[in-house]
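Okay, here we've got a single chain as structure tokens, the form predicted alone, with questions on binding and movement later.
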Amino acid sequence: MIIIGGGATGCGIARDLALRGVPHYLVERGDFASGATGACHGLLHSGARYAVRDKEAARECITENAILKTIAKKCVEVTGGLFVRLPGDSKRYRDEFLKSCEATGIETVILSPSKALELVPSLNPAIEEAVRVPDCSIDPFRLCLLNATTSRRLGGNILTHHEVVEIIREKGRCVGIRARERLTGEIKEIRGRIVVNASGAWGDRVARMAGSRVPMALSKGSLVITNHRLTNVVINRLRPPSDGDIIVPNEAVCLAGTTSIPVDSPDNLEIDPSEVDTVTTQAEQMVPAFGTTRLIRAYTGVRPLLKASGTEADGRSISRGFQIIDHKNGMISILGGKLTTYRLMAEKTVDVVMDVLGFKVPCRTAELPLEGQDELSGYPLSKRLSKLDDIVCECELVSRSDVQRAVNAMATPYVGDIQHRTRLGMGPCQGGFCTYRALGIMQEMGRVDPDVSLSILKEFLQRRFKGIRPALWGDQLREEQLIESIYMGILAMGQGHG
């Protein structure tokens, strides 16, 4: 089998195939989680957000929520979640919300304002009530890497930083792919019986290479990151889903979002400053401190939604369910869904693959814990303090040995890949003080030469600045001026290399 796409679904499919004994290649044009998976809230949904409008998706979420808390413990922080009702929010919607949660099997507990404020002191004291649900925080990068661990251990082949440029077809059937290596431009040809299109927002583009089409509606969602945690509980607004109505604690920071804007392409996305203003203003209504807290980054991704028969202008009205399409030409596409339901999506996709192959091997991904978790630090962040040797990233407490392990496990010289494997550079400095240290370690280990490292560093800094630019004011602007002086002045990145 050939899997195109290294997000949560693609990696989940690779793990499932490996456990069922099916040889496979996974091909991803960037690193793991470089699409919607890595640009999400990091929220392990309870399903409550969808309970009113999309009961099937809600049931899938609460079921998978329980499974992932069992099999992926080192990826999940069991924060719990609150849906808070503010003055002016509809009591009628609140009643419908509670009824829908009960109908979909989502446990709820109603809290008085005083109880909610006792649980989360940073909440707006004007709240009228809150409803507790089993939302959690989840690390999508760890999730992908751990699924890939099982694939590799059982003989799966994984190529990151390889872009599929052609689907090989013979007699009308897909029989393989050609992929271009990002750094060298080398073309590799891989043959397989079935090509699984798990490329998310790029799903229709990949399907077209095979002479097929898939119905997709692309919705851009932008989020912001604060420089520290403002809450230890996921906070949702108790109203119909809208802009800026979720705040998720994640390691040392908080994520807030999101917007929903229709787009034609998932490439070259820009964040409009108005989106940052919208998300910040709405988040501030739930947690007032959000309005005075430093934002360190904004980022955006594209939801790969199923295109319905209607003409929905707002992506929020489109179901978060998923669909598997057998194109009857050797390609199978998996569309839609959520990060929370990635395992279920993978299971159902592999079931279709097994039917095509005529094999009957049951899925075991819901029962077996993800491999490789023993090597992870887990939550909270303070657990890392006991085994630090030489700190490379102060924000996320990443040590030299952490970086060295990541480099040894990587097949590519990209510093961003270290970030995904260790959280280096994901804290308040956004890699400003630790990126060049990590590249120095890579050079010491003989993994990258100085000339190549400069181009890799430049690319990383450009991508980093793209996310920081929409949040440049106040303390963040002053910090960015310091970072600029380090790279442009002390390291002379502007002298023929910047």
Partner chain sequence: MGEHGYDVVIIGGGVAGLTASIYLAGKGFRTALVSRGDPACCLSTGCIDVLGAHEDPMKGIDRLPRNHPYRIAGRRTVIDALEAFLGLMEERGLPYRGSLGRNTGILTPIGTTKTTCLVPITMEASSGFTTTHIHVVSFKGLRDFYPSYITSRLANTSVSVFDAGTSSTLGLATKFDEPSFVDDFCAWLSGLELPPGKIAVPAVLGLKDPKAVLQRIRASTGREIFEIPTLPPSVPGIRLFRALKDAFLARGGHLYWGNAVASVETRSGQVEAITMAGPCRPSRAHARAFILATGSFVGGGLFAQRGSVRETVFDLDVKVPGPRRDWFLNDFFSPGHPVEASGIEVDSSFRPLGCGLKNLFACGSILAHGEIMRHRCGHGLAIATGSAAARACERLLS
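Between two forms, the rigid core is defined as the largest C-alpha subset superposing within 1.5 Å. Note that the structure is predicted; figures quoted are calculated from it, not measured. Positions refer to the first chain, counted from 1.
Unshown form predicted together with its partner chain; subsequent notes refer to it.
J.: In the predicted complex, is there a heavy atom of its partner chain that lies within 4.5 Å of any heavy atom of Ser453, even though the partner is absent here?
T.: The answer is yes: Ser453 has a heavy atom within 4.5 Å of its partner chain.
J.: Might Ser114 be said to contact its partner chain in the predicted complex, defining contact as any heavy atom within 4.5 Å?
T.: Result no; Ser114 lies far from its partner chain in the predicted complex.
J.: Is there a non-hydrogen atom of Leu461 within 4.5 angstroms of a non-hydrogen atom of its partner chain in the predicted complex?
T.: Leu461: contacts its partner chain in the predicted complex.
J.: Under a 4.5 Å heavy atom criterion, is Val276 part of the interface with its partner chain in the predicted complex?
T.: Flag for Val276 set to yes.
J.: Among Leu68, Val52, Ile441, Ile62, which has at least one heavy atom within 4.5 Å of its partner chain in the predicted complex?
T.: It is Ile441.
J.: Here the chain is shown alone; which of Glu189, Glu270, Glu118, Asp374 has a heavy atom within 4.5 Å of its partner chain in the predicted complex?
T.: Contact with its partner chain in the predicted complex is made by Glu270 alone.
J.: Report whether all of Gln323, Tyr342 and Val353 sit within 4.5 Å of its partner chain in the predicted complex, measuring from non-hydrogen atoms.
T.: No.
J.: Tell me the stretch among 464-472, 38-46, 23-31, 54-62 that has any heavy atom within 4.5 angstroms of its partner chain in the predicted complex.
T.: Comparing against its partner chain in the predicted complex, the contact stretch is 464-472.
J.: Are there residues in 465-488 with a heavy atom within 4.5 Å of its partner chain in the predicted complex, and which are they, in order?
T.: Those in contact are Phe465, Arg469, Pro470, Leu472, Trp473, Gly474, Asp475, Leu477, Arg478, Glu480, Gln481, Leu482, Ile483, Glu484, Ser485, Ile486, Tyr487, Met488.
J.: After the core is matched up, is the C-alpha of Ala57 off by 2 Å or more between the shown form and the other one?
T.: After core superposition, the C-alpha of Ala57 moves less than 2 Å between the shown form and the other one.
J.: C-alpha of Tyr487: shift of 2 angstroms or more between the shown form and the other one, rigid core aligned?
T.: Yes; that C-alpha moves by at least 2 Å between the shown form and the other one.
J.: Would you tell me if Gly467 moves between the shown form and the other one by 2 Å or more at its C-alpha, with the rigid core held superposed?
T.: Superposed on the core, Gly467 moves its C-alpha less than 2 Å between the shown form and the other one.
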